[in-house]
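The form predicted on its own is given below as one chain in structure tokens.
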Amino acid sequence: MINAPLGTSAPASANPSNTALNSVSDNSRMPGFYDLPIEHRWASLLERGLLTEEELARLVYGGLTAHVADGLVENAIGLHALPLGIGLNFTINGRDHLVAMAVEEPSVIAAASNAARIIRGGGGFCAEVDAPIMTAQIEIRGVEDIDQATRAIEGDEPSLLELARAAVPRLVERGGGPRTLEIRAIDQGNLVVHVYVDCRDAMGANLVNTVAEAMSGPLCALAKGRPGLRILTNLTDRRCVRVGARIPFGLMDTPARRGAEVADGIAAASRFADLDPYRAATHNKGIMNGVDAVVMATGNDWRGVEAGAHAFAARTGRYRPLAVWHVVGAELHGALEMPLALGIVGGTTTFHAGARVALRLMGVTSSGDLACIAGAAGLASNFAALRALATDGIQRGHMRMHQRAVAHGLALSPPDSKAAKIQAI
């Protein structure tokens, strides 16, 4: 166990006996992987036993067919592709993980991998995740006596929760289901009841919405009000991930600057984000570069994750950074906390072969595993951005990668001809 600056412990899902996690142990450090032709990268993954030929084929061709897409969305006419890459060098709770990342921005994967390599030297990331609790919101309008309604609902809580459990029997069979409820008066005559649902390894949107709709009628009868909205909230503040890292100054030395100077610059940039919401927005965008890339690679709802992250950043009434960095002795300490509702069963992961392969490649066996990996990718991306800002500036590395991508894209662009278009189809 790595001692994190957060004072946390590893999540229960990080099971040392887990064979899927063991399959990627000691494999996230792959020097020279970046310089290999893509065919050699494929061969390397096969040789290491990280992917089968069938799984690799699914990734190479996107893991999704037009016919499957037609069943997923309305009015489908094709597919829209994103590059899928691997974040390297990640050690999380003492275990190595390759990190599947789907993103169009050229520098994101390289920056996160380089940051993870530096953080690896200090022991890697330490992460923990809350129980997978999602929140159903049931709005009750036109309540004449808020106090009486509150007492009536509180007095009937056991039977209400039993009703809620009956609405999601398969979830209850898997050890999840509604746990508790909370009543909030949000306006004169308006109540909102929160039902907290343990969704296990699902993201849980459909499950939570089912619970909300099942409970609306009985709650309105008890409160003597009429039904309002019945839906989940994406501010999943009971389902947070916390990630920490400790980096000795010596690991941040550059040809032009000592590590202590770099650490001071990163801490100052973090302080700027804490003081100024304009800076905090860009600071958090850098975090989401890493988080969203993992979320998208695994077929999860990146829009819900983004909404929850930014609402959480503003929960005190002022928009603030999701990750902070401080100098402590001769080390730089980083800590990230954010809501992260992710699933590895149900939803798109059921139908998207590429998402399932990405989960396998990362050694993910629970939603908690995935949240810890995505959070580590976010903190790595944040460190990379702040380190660049504190040293050479953000444009040097970013534009180098951008120019490489443009040159590579131009070299591979097919001729604009009818034959080429038909061949592409």
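Note that the structure is predicted; figures quoted are calculated from it, not measured. Note that residue numbering follows the sequence shown and begins at 1.
Below: the form predicted together with a small molecule, not depicted.
Peer 1: Is residue 283 part of the interface with the small molecule in the predicted complex - any heavy atom within 4.5 Å?
Peer 2: Heavy-atom contact with the small molecule at 4.5 Å: present for residue 283.
Peer 1: Report yes if any heavy atom of residue 279 sits within 4.5 Å of a heavy atom of the small molecule in the predicted complex; otherwise report no.
Peer 2: Residue 279: yes, in contact with the small molecule in the predicted complex.
Peer 1: Can you check whether residue 105 is within 4.5 Å of the small molecule in the predicted complex, heavy atom basis?
Peer 2: Because a heavy atom of residue 105 falls inside 4.5 Å of the small molecule in the predicted complex, the answer is yes.
Peer 1: Using heavy atoms and a 4.5 Å limit, would one call residue 64 a contact residue for the small molecule in the predicted complex?
Peer 2: No, residue 64 sits far enough from the small molecule in the predicted complex that none of its heavy atoms falls within 4.5 Å.
Peer 1: Have a look at 37-45, 382-390, 352-360, 369-377 and name the one stretch with heavy atoms inside 4.5 Å of the small molecule in the predicted complex.
Peer 2: It is the stretch 382-390.
Peer 1: Tell me, which of 289, 300, 114, 270 has a heavy atom within 4.5 angstroms of the small molecule in the predicted complex?
Peer 2: Of the candidates 289, 300, 114, 270, 289 is the one lying within 4.5 Å of the small molecule in the predicted complex.
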